[in-house]
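Take a look at this single chain in structure tokens; it is the form predicted alone.
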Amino acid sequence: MGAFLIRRLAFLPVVLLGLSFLIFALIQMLTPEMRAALYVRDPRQLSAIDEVIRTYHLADPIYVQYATWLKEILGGNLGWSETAKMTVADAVKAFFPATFELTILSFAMTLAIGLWLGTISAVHKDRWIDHVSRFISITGTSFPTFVVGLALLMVFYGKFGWFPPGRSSFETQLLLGTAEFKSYTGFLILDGLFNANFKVVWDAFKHIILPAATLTYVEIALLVRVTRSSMLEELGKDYVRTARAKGLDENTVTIKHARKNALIPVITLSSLLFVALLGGVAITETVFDYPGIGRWGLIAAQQLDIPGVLGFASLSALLFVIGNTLADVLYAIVDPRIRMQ
């Protein structure tokens, strides 16, 4: 296991270097004047555009430009975002915690419900629970995210007034800017617990539940289908019939043997779902006016905020590479045979 992990981690810098080449190649499509915003930390620097071009070697040979750009990126300088009115690095720090909090809750719900529903529908094939799971899968796949989100908003907020949009109420926002409330993590629910302020915890939960439910309903559809299909394949194999013939308990056969072997395609899909959520689900965050990094990335794209778009794209690509590496490690944990490849 250790050798397998070392091989995967040793390959990670190579992938990240190749990713940097690709992003830099895309940047070269812009003029030096347009690329200048990728380096400044204050928009007032752009008033002396020629000086910025000279300082950051934007008119020099490609290899000099790449070395300068990589040095700035590694130093945390991603440029100035006009839409966020702050540096791109500060914008990521400001918006990412909200998305991460939403991602953790959504992914936990998706994984728990998806694995359970996919497994039980395969075990009880063509029974009522299987029909229910297939209905959820079909509707979750068919309905666009914004339709599900708007429907939940109209029912639970428009009709009952239970779960408002946004990330927090006006009262909570006022409290966050005072000395009475200390921000430890940037996650409202955790910070509320650390401050022993359960009003903030409940307020944050009320605002996050609908976007989390929307993402869960949409993302769970594919996970249920893949889990069900993989489980049906495993349940039809000889080792399952042999285990049953030996008199093993059905739960042991299903959970310990069949589902463990059915997890390989599920891990692949789950890692992609998690990275997609972590990269910021722009539509859901926009529908619920949730101030996450996906909503910021969408606004940056609409307003041609090039540093903001590239910062968002770079973060998403980085998360995708890391997510795939973690998926490889999980493969080896679930199936030891993969470690020998």
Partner chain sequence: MWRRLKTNPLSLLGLGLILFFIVVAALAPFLAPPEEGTRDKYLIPQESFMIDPTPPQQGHIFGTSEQSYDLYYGIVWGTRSAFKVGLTVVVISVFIGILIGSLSGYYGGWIDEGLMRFTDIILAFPSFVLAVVIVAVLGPGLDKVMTALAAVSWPSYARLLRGEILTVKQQNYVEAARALGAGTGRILTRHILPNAIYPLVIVGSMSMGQVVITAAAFSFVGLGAPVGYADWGQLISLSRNWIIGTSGNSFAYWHTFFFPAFAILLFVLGWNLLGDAFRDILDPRMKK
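All values derive from a computational prediction rather than experimental measurement. Numbering follows the first chain given and starts at 1. Between two forms, the rigid core is defined as the largest C-alpha subset superposing within 1.5 Å.
The same protein also exists as the form predicted in complex with its partner chain; that form is not shown, yet it is the one meant from here on.
> I'd like to know whether residue 18 contacts its partner chain in the predicted complex, with contact meaning heavy atoms within 4.5 angstroms.
Result yes; residue 18 sits at the interface with its partner chain in the predicted complex.
> Although its partner chain is absent from this view, report whether residue 53 comes within 4.5 Å of it in the predicted complex, heavy atoms only.
No, no contact at 4.5 Å.
> Please tell me whether any heavy atom belonging to residue 316 falls inside 4.5 Å of a heavy atom of its partner chain, as the geometry stands in the predicted complex.
Heavy-atom contact with its partner chain at 4.5 Å: present for residue 316.
> For residue 167, is any heavy atom within 4.5 Å of its partner chain in the predicted complex, or not?
It does not: once its partner chain is placed as it appears in the predicted complex, residue 167 has no heavy atom within 4.5 Å of it.
> Choose from 82-90, 207-215, 135-143, 192-200 the stretch whose residues reach within 4.5 Å of its partner chain in the predicted complex, heavy atoms counted.
Checking each option against the 4.5 Å cut-off leaves 135-143.
> At 4.5 Å by heavy atoms, is each residue in 117, 223 and 248 next to its partner chain in the predicted complex?
Not a single residue of the candidate spot has a heavy atom within 4.5 Å of its partner chain in the predicted complex.
> Counting non-hydrogen atoms within 4.5 angstroms of its partner chain in the predicted complex, say which of 287, 277, 37, 58 makes the cut.
Answer to the contact question: 287.
> Would you mind picking the one in 174, 74, 151, 112 that has a heavy atom within 4.5 Å of its partner chain in the predicted complex?
Only one listed residue qualifies here, and that residue is 151.
> Would you mind checking 14-29 for residues with a heavy atom within 4.5 Å of its partner chain in the predicted complex?
Contacting residues: 15, 18, 19, 22, 23, 26, 29.
> After the core is overlaid between this form and the one not shown, has the C-alpha of residue 272 moved by 2 angstroms or more?
After core superposition, the displacement of the residue 272 C-alpha between this form and the one not shown reaches the 2 Å mark, so yes.
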